[in-house]
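Two forms of a single protein chain come next, each set out by itself as structure tokens; they are called structure 1 and structure 2.
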Structure 1
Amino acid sequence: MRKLLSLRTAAAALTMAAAVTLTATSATAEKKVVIGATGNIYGWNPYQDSAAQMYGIWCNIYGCLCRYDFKKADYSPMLAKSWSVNPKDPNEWTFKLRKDVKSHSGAELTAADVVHTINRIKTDKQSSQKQNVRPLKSATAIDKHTVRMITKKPTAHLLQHVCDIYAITRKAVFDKHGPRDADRKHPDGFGPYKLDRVVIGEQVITKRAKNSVFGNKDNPDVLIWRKMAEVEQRVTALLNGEIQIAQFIPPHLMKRVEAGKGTKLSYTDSVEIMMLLMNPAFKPWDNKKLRQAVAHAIDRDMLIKTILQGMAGKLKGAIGPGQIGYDADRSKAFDLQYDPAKAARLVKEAGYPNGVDVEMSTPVGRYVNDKIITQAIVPMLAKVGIRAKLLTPEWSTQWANVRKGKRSFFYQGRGSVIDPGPALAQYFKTGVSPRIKYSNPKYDALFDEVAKEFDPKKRQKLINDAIAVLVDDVPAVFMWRHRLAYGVANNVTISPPANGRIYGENIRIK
């Protein structure tokens, strides 16, 4: 009997080995790229999260109306072939859709799908993207391939809300299968990659769609985003060939990647603005002088020079070079200087002669050296009388609490800031989102003027007038924009995007 069991075990082992061999042979035939990513992997619903990583993933799968091209410094068509604003009515936008785009199952892209997407983002109980449709009064299918969007008021930055954001899902699939099964069991996108599997918290697996009009033969056949929060894990996996792209290599590990036999570094200047935010809904952050004290207590130049080893550009105000509205001359006045003596005085003037105890939170591994940076900030604040207890939750926990407005003092990035309108509204305009419950009528009025102004020069002035209010009121210390390094396998070519969204068509395999 024991001998018979041994024979059965051996036979099972041979069968398993054969299966593994077949899988390995099949996998070798496919060009596969695995991305070691820092962001969380959410579920099947493409509107459930509002972080850059998931926006990019769903745009690969479902397709977006348009995308920002950093080389052209302008928006480029994707599912929409063109768009225009009515010169007689700045509230009226018209989007013309491509007629050659088919879904992964072969269905035609229609204006009804775009209207359905907008309505779903607005009403879906799981949606975290309602701020992106808030400017719209209505969206209507004029004909099979034309969508008319009417804004509630003139919104010059509407493309920042619309283009890279709206993953276009099919109305017919949703109507037939309902909100749960449409995404989970019957995903049918218009993008270059077809959804194969989602493992929540771990990875998203996609395969190149054979009938897609996007991309070319050098793109990966299989594209996988795998969550790897620990940077050591990403670097080791890259050097071992387990992954081909590793996000956000910190300065102290760059030489290790460069020294690898099959790896290299690829760089990009990020448009993500890093901030230290103070939520006035929580005491003591309703005190302006205390917020000002924080701004003068932090030596950003030193942090950039030491912890980031020069791989960041200090922000003077909310935005930097290359972002819409940036004014180099005016930004000089927005640079709040490191002045610990002034910060200590402001703490006392704020009503805390013996200092004050606060909690500060940071994600760990989501941004370059995030934990190390905030650990270095703690003694800077202590020096001026602000005793900060540092909280280091998992990114998924931190992000959920930030989105619900449950963090009082925290380190955070806001990605994809091309036109600053949506970003600055999301964090600082009254009632737009609960992330920080900051409210200033002067800022709100200026922001409304920014949104209505289509003339670039006039708009630049208004943007900087609005930034001046934020710099004076200090709901946030604007820190820097990272210069990001990606670890890349030698046989892979990618120009990492400044907005952190990786598109399969931009990846080439030799």
Structure 2
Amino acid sequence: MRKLLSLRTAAAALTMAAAVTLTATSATAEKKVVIGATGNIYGWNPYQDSAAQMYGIWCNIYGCLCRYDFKKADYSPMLAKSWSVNPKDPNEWTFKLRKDVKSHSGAELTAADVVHTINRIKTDKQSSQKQNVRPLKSATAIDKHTVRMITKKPTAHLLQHVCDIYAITRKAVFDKHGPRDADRKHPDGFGPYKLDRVVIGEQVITKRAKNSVFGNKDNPDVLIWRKMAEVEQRVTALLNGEIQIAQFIPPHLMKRVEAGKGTKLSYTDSVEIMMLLMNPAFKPWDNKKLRQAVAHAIDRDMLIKTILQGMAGKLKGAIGPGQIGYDADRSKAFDLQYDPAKAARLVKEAGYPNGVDVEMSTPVGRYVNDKIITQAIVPMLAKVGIRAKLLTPEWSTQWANVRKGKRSFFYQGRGSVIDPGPALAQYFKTGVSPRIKYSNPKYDALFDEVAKEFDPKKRQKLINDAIAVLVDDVPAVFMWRHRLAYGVANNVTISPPANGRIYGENIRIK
């Protein structure tokens, strides 16, 4: 009897081993890349949230009209082959669609799908992307492959709202199945990857669409975004081979990835601009000289070298290379040098011979080494007579206060700055948002011009003129853009995206 039992046990073990081996073999047949992602996975509706990660995922699946190419520092076509603005009417944009694009089920891409997408972003009860269609007055299908968009007023930065943003969903599927079932049960995109499965809060599984005109044979067959909020976990999983790409490796863990036998690091400069903002609605930040003193009191080079271990590019002005409007020559004049003696003098000239007490706040864990950076800034400020008390609320509290304009002096990032128009208007143009109650009519006028100017050269000049006003007024110290490190398996190559969107076509696997 015992022999029989042990034989049965052995047989069961063999079956299990065989099954495991078989599964492993079949798994290796598919080239799979798992991304250890920091963002959450929200659901099936491609318009229900506005996080960079999900924009990227939906663009992989449904396809976008266009995307930003950081190497070219310009927009590149995807579902749209070209676009133009009517020289006689700057409100009129025309997008020509590619005729060779088919959905995963073989349906043709039409202008009606684009119009439907815009309407859905505007009217879907769950949409969190309405800000992206707000500049539009209307969208019409001119013919099967041409869409006309009319803006409410000239909006030179319209593509910032369109490219990498509008995930084009099919009108026919929506009409037939309704929003819930269309997204969940019948997702039929135009992008290079098909939606296989969504597990809310955990992962999105996509598979290469065989009929797609995008991508090539070196791209992974299966691309999975798996939520891994903890960085230790992402690094361990990468070193173990559980995942092939780990997002956002902080400086202190980079050596571990570099030392891994099968792993390497890939870098990109983020388009998120990090700022130390001073709200003139609060005293003493209504005092320009004190704001200028802060700018000269902070040794940004030292902070980048030590705390960020070189993983940031100092901002000279509000933007850097790769962002629309960046001018390397003019930016040299925007570099406010570290000069504590000048800063101390400015504090006195500002009317504070005995120094001044202020409150500074930062979220904790939202940005790379945010708390340590601000802790290091405190003594720098103290040295010139600005005694800062550091507040470190959790992100939810800090963000709610920032949005309501209840923070006076704070460390903050602004992401997705490809075209600086919307971001710089949001923070510094009079009345756009309550975050910073800074107001300068000269700056407002310049930014009105920026929005209307379509000529790239003239627009670049206007953007830099506006930045010059900010550099002089210093409502914010433009600190740096982080250099982002991605942990990558040796058999995978990727050019990490500066805007957090990972596209399967940019991943190659051996």
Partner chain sequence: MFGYIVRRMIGTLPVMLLISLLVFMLVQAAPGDPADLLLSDEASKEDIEEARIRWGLDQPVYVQYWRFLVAALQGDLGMSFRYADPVLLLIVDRLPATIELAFFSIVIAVIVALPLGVWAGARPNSWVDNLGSIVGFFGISMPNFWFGIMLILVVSGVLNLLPSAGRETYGVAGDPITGFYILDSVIQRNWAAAWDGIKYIILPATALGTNMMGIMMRVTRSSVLEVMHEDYVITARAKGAKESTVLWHHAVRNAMIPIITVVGLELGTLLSGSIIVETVFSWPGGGSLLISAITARDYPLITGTVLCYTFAFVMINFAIDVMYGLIDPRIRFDK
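Each residue is numbered by where it sits in the sequence of structure 1, with counting from 1. Since we're looking at a predicted model, the values are computed, not measured. Heads up, when I say rigid core I mean the largest set of C-alphas that superpose within 1.5 Å between the two forms.
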Properly assigned, the form predicted alone goes with structure 1
Expressed in whole °, the turn of the smaller rigid part against the larger between structure 1 and structure 2 equals 26
Students should find the CA displacement of residue 433 between structure 1 and structure 2, rigid core aligned, in Å, to be 7.2
In Å, the rigid core superposition gives a C-alpha shift for residue 456 between structure 1 and structure 2 of 3.4
